[in-house]
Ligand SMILES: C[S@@+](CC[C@H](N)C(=O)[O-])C[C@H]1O[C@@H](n2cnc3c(N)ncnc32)[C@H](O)[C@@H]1O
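This document starts with one chain, in the form predicted on its own, laid out as structure tokens.
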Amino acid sequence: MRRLIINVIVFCKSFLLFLKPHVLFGWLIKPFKTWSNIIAVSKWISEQDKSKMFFNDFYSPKRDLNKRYLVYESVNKNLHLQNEEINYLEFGVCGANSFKWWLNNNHNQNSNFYGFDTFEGLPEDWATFSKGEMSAKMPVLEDKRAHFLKGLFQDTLPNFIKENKIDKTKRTLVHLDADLFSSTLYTLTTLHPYLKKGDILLFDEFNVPNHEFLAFKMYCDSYYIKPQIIAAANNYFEVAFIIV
């Protein structure tokens, strides 16, 4: 009986592919994907243990992007990071506001801060933004702990890792602000072997259903991990996780 069911399923699937349903229904792919992932975001939010969070403004009817600093402050204060020796890796630097916040609020001179960005704008379209938008000049900072790597993450991150720039004796904070699904998923999967218990993942556009959220979900599902959320702002637009 099982074999019969399998054969029927195989036949139906093959016949549907032969009919090329994308010709008539291809326009449904994007809206169906978006609604499916919005539902997944909603379900994910409902499943989180809010009791372990340092900060959470859910539900907030108005977005205030300055609330991201409340996420940073809550993580920094509650985990006592001000004087800890850390690795800080930021993916998507743009104006370097977040980068400079962490640089200014960590006082350990043995910490290292690395910012990855094309500095030529988005490498592909994202939401209402077109390829090339959000470009910025590479920051020039006096703090010698700050370093910037220009180019696609796919080009700069492998060499960075090969040069053993990630000191596993330090806590690592990874700030994912690249917006794009492709960039976020690549970064998470590439860094996975170098992440450990106690490391921090920060996201800046997390609840965008087809991009950072989807990349994070695929990463967690693929590697069988469940980072603990510890802070969120703007209805989970900005979030922080700790590796447990």
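Note that the structure is predicted; figures quoted are calculated from it, not measured. Sequential numbering from 1, following the sequence displayed.
The following text describes the form predicted in complex with this ligand, which does not appear among the structures shown.
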Next on the checklist: To verify the annotation, which of these, I161, A146, L79, L152, has a non-hydrogen atom within 4.5 Å of this ligand in the predicted complex?
Outcome noted: L152
Checklist entry - Any chance R68, G92 and S183 all have a heavy atom within 4.5 Å of this ligand in the predicted complex? => result yes
Checklist entry - Though only this chain appears here, would N106 touch this ligand in the predicted complex if you measure heavy atom gaps against 4.5 Å? => result no
Checklist entry - Just to confirm, L157 within 4.5 Å of this ligand in the predicted complex by heavy atoms? => result no
Checklist entry - Is there a heavy atom of L141 no more than 4.5 Å from a heavy atom of this ligand in the predicted complex? => result no
Checklist entry - Taking heavy atoms only, is V174 within 4.5 angstroms of this ligand in the predicted complex? => result no
Checklist entry - Of the listed stretches (79-87, 106-114, 164-172, 119-127), which one has a non-hydrogen atom within 4.5 Å of this ligand in the predicted complex? => result 119-127
Item to check | Sequence-ordered residues of 211-244 touching this ligand in the predicted complex, heavy atom within 4.5 Å | outcome: none
